[in-house]
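A single chain comes next, written as structure tokens; it is the form predicted alone.
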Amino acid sequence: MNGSPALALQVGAIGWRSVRRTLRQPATIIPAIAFPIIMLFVTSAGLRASESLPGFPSVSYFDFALVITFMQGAIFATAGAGTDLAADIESGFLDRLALTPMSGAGLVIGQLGGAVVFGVLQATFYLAAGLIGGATIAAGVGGVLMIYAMVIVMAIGFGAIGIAAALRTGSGEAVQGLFPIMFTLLFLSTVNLPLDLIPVDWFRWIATVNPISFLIDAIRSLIITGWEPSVLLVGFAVALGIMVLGVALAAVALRGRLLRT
């Protein structure tokens, strides 16, 4: 084939490499799947008394807390996609790749493809753990499909942020540094209590403007109340916004990286 290979072939090659590399690292897969599930059971057991609070949704705290697994999965997408690319930069693989017809778009989209596949795998385990633990999805089968759609968009968005950090710094340690920041944002949200039940004013204000809260509320509505179009539209819009921002940051960082290569 003359000229640059088709973008689809480039994306497929990089994406398949990303998926294989992830699946060959059980030390990465197991914590990324097990830790959110463990947190789900620990949190739901420790905060079960919240069910008696006036105004708390008429569901078990386990159902209410199930969303924490999907959000932690998104955080792992940030670290996973970025760390893998940072390793390629540190090993010189990206420099060698720059000598081939591989396009920057093919590289970034392929890396994101790996993040999406792993995100869907994680979501499947989280849903299974939730159902085994007694949770129900109020929105039914359609709600499950919508959760997967949200997971895919979040995996792309948060994965792109990780890729941008890797391209900007070229350091796996720097990418891992995003993990505690993302975790802080998660816990300064509505992940543990509904917004109107958060008693501390400054905490409630941060949770109100925190974009993570909108993602949580959208997925949680599918689990505990069913179809709430306004909540879903806002949540999906925020997820798309994060995706656009992440991809834009990755594109800018990629241009800077290629200029230095």
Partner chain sequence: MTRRRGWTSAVAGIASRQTRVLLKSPALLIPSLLFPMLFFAALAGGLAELARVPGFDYPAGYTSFQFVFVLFQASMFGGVFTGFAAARDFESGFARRLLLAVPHRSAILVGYVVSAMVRAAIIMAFVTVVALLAGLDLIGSPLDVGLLFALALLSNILGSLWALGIALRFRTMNVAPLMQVPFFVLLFLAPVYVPLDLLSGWIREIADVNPVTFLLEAGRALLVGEAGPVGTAWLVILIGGIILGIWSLAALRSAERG
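What you see is a predicted model, and the numbers here were worked out from it, not measured in a lab. Numbering follows the first chain given and starts at 1.
Although it is not shown, the form predicted together with its partner chain is what the next lines describe.
K.L.:
Scan S213, S221, N192, T69 and let me know which has any heavy atom within 4.5 Å of its partner chain in the predicted complex.
P.N.:
That would be N192.
K.L.:
Only one of 175-183, 157-165, 121-129, 144-152 gets a heavy atom within 4.5 Å of its partner chain in the predicted complex; which is it?
P.N.:
Careful reading of the contacts points to 175-183.
K.L.:
Answer yes if any heavy atom of P57 is within 4.5 Å of a heavy atom of its partner chain in the predicted complex; otherwise answer no.
P.N.:
The answer is no: P57 has no heavy atom within 4.5 Å of its partner chain.
K.L.:
Applying a 4.5 Å heavy atom distance criterion, does L233 contact its partner chain in the predicted complex?
P.N.:
Contact check for L233: no, nothing within 4.5 Å of its partner chain in the predicted complex.
K.L.:
Mark T208 yes when one of its heavy atoms lies within 4.5 Å of a heavy atom of its partner chain in the predicted complex, and no otherwise.
P.N.:
Although its partner chain is absent here, T208 would stay clear of it in the predicted complex, with no heavy atoms inside 4.5 Å.
K.L.:
Applying a 4.5 Å heavy atom distance criterion, does F203 contact its partner chain in the predicted complex?
P.N.:
F203: contacts its partner chain in the predicted complex.
K.L.:
Enumerate the residues of 39-63 that have a non-hydrogen atom within 4.5 Å of its partner chain in the predicted complex, in sequence order, or give none.
P.N.:
Counting only heavy atoms within 4.5 Å of its partner chain in the predicted complex, the contacting residues of 39-63 are M39, F41, V42, T43, A45, G46, L47, R48, A49, S50, S52, L53, P54.
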